[in-house]
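This document opens with one chain alone, in structure tokens, the form predicted alone.
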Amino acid sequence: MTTLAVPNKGRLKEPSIRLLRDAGLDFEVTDRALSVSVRNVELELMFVRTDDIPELVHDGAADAGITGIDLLEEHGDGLPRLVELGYGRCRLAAAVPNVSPIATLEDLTGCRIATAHPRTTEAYFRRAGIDVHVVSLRGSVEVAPKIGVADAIVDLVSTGSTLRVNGLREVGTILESQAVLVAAPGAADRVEVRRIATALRAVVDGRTKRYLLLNAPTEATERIASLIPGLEAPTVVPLAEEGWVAIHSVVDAAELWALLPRLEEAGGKGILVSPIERLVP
């Protein structure tokens, strides 16, 4: 039985469960369940602390797992990354008190930096050639400058509101993070693990795309096709009414705001946009 480690709490739990269900897995979750069997696939879901997933996968206790890139950098020991999942986005950022004269990461030379990510922090500043002293802390890292433990901090930032509340401001980003599917050493090429990766990637890719259908005069086909090239090329189908065609394509969801008026100006009529559940390019 293939085992997939899934976060049991925190910001990655609900999006991970939603992704697995959107991928077609049929299972139930209860507050007390440490593991559940998927009904329609030979797969066991193991619900554990997100922080523990890199180590569990590395040790082979799970064949694959969902965790954050930040945790993978800190504890992952080079685990294969199979799919970036597009949620749980945050950044590992350096911050200093508002009154500090420090303005850039380079200005941190010689400073004490408190963080719950000492390995990642040390590696970044070592590569950058910036000499700092890293103070490893667990818990409320934001208070370190106030109590004189450190001159700056490195911590996970999403909106930045926690930094502002504690009188801190960002001076640079060390790492961009999001949820990611990883595999145990030697498991990335296993058929069962590849199937998990394909299923999740199809949902993630589908979420960023839209299926677009419109009618247009035949003479507008070339111009419209240049606006919506699709995965390879748009599909053009003649309509019953002479001189008209239907054009089908897949487009980036983020481009629709600017794209729809341009399609209308090019002669597009009856424009229809639909979500895509899964996409395998």
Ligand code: AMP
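Each residue number is its position in the shown sequence, starting from 1. The model shown is predicted, which means the values in this text are computed figures rather than measured ones.
One more form of this protein should be noted, the form predicted in complex with the named molecule, which is absent from this view; the next part is about it.
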Query raised in the report: Is the named molecule in the model of the complex near all of G10, T50 and D70, within 4.5 Å of a heavy atom of each?
Result: yes
**Report entry** Touches the named molecule in the model of the complex: S177 (any heavy atom, 4.5 Å)
**Finding:** yes
Query - Contact label in the model of the complex: A187 to the named molecule, heavy atom within 4.5 Å - result: no
Report task. Indicate whether the named molecule has at least one heavy atom within 4.5 Å of a heavy atom of H133 in the model of the complex. Result -> no
Query raised in the report: Given that the partner is absent here, does S158 sit within 4.5 Å of the named molecule in the model of the complex, heavy atoms only?
Result: yes
Query raised in the report: Which single stretch, out of 120 to 128, 149 to 157, 136 to 144, 107 to 115, brings residue heavy atoms within 4.5 Å of the named molecule in the model of the complex?
Result: 149 to 157
Report task. Name the single residue among G172, G88, P80, G76 that comes within 4.5 Å of the named molecule in the model of the complex, judging by heavy atoms. Result -> G88
